[in-house]
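There is one chain below, alone, in structure tokens, taken in the form predicted alone.
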Amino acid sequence: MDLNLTEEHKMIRKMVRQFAEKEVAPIAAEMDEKAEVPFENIKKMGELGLMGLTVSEEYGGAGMDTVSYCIATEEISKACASTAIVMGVQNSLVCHGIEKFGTEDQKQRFLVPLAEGKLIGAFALTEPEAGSDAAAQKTTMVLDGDEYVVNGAKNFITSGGFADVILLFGMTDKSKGYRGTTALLVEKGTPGFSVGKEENKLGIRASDTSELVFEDCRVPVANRLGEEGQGFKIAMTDLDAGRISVAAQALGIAEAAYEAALEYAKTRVQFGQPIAKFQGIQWMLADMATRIEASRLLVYNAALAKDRAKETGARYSKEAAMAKLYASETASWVTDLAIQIHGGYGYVKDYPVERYYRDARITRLYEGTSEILRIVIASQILR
């Protein structure tokens, strides 16, 4: 495997890094403190093509490969993990699903404006009593003529409070279990659809995480994604892509924390010399750098597996799960050590490592907990 980045990859990294350093990083702490979504930067990401980076050019996207997408996610995440997850849901969960399973009409109505950043999407699978056990969801979709009547509630939905399009999953036939799950594209403003509670979170506070409520919400059959009963397959396919995205997000958070700790260790003087001179600190930094590099290799390997799957049709569930599992746990571990290296200063908001620590924690939960990912990996290697 060639581990060297192409010139296109280097160009993407340079472009996104410049944008992240100039536009995203300067307001990240303020947006986190206020728990405000940086809508202006999201709009700018759309203009740069980042909201549909891997979508085909014929549908308004940039047509880039998944490694390019991971590089972009990594760079945005180093500046602001909250901004990165809005971009991640848009690309990996919403656009990916519509491009793979949507009709031509759905691609023109939804995918094109989503890829161009003119619409924002959300992925609504989780319910109060159906988190890791996605097949236990209670939202119902009852066919009535040429419409589905939807009733139920979703929670912990990223971008749910302001999304224009919701990729919603529910049960059309509970007797079939997960095979009775169907996916619908629900547009903002549809009667019967409302936004409920907005969560007050530990981390990624500059992203919106909301409850969605559906009360006799009527959605046209024309907005059904895939066939009736195909929803679980669509959700799991999207989550494979989403796990690569979260792995890249975790990698970016870890890199930011490591770079902050490295710089601090070089300049913080104790006992008459920079603390980077002490072996205890050196070993921390060495281990941080090593685990970050290992995470990067797993992330890029999963990205390459996803791109190969376009040609072969093979699943990349194991590679995606491994990348997210290792990168997310690395992010938590690295950010914890970054605070340790900063000492008391790492515990206050004057330094960004406390935000990195809080942001890292969610990467072990959403789009598959570490425990679920271990089950996915084990199921693949025990076949």
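Start at 1 and count along the sequence shown; that's the residue number. Every value quoted in this text rests on a predicted model; they were computed, and no experiment measured them.
The following text describes the form predicted in complex with acetoacetyl-coenzyme A, which does not appear among the structures shown.
Segments offered: 133-141, 218-226, 304-312, 194-202. Contacting acetoacetyl-coenzyme A in the model of the complex at heavy atom distances within 4.5 Å is 133-141. Of the residues Asn91, Thr83, Thr158, Thr182, just one reaches acetoacetyl-coenzyme A in the model of the complex with a heavy atom at 4.5 Å or closer; this is Thr158. Contact with acetoacetyl-coenzyme A in the model of the complex, judged by any heavy atom within 4.5 Å, is made by just one of Thr237, Asn151, Thr172, Gln106: Thr237. At a distance threshold of 4.5 angstroms between non-hydrogen atoms, Leu125 is in contact with acetoacetyl-coenzyme A in the model of the complex.
The closest non-hydrogen atom of Tyr264 lies beyond 4.5 Å of acetoacetyl-coenzyme A in the model of the complex. Contact check for Asp359: every heavy atom lies farther than 4.5 Å from acetoacetyl-coenzyme A in the model of the complex. Although the partner is absent from this view, Met15 stays clear of acetoacetyl-coenzyme A in the model of the complex, with no non-hydrogen atom inside 4.5 angstroms. Three-residue candidate spot Ile281, Trp333 and Tyr347; no residue lies within 4.5 angstroms of acetoacetyl-coenzyme A in the model of the complex by any non-hydrogen atom. Residues Tyr366, Glu367, Gly368, Ile372, Val376 are the ones in 362-381 with at least one heavy atom within 4.5 Å of acetoacetyl-coenzyme A in the model of the complex, listed in sequence order.
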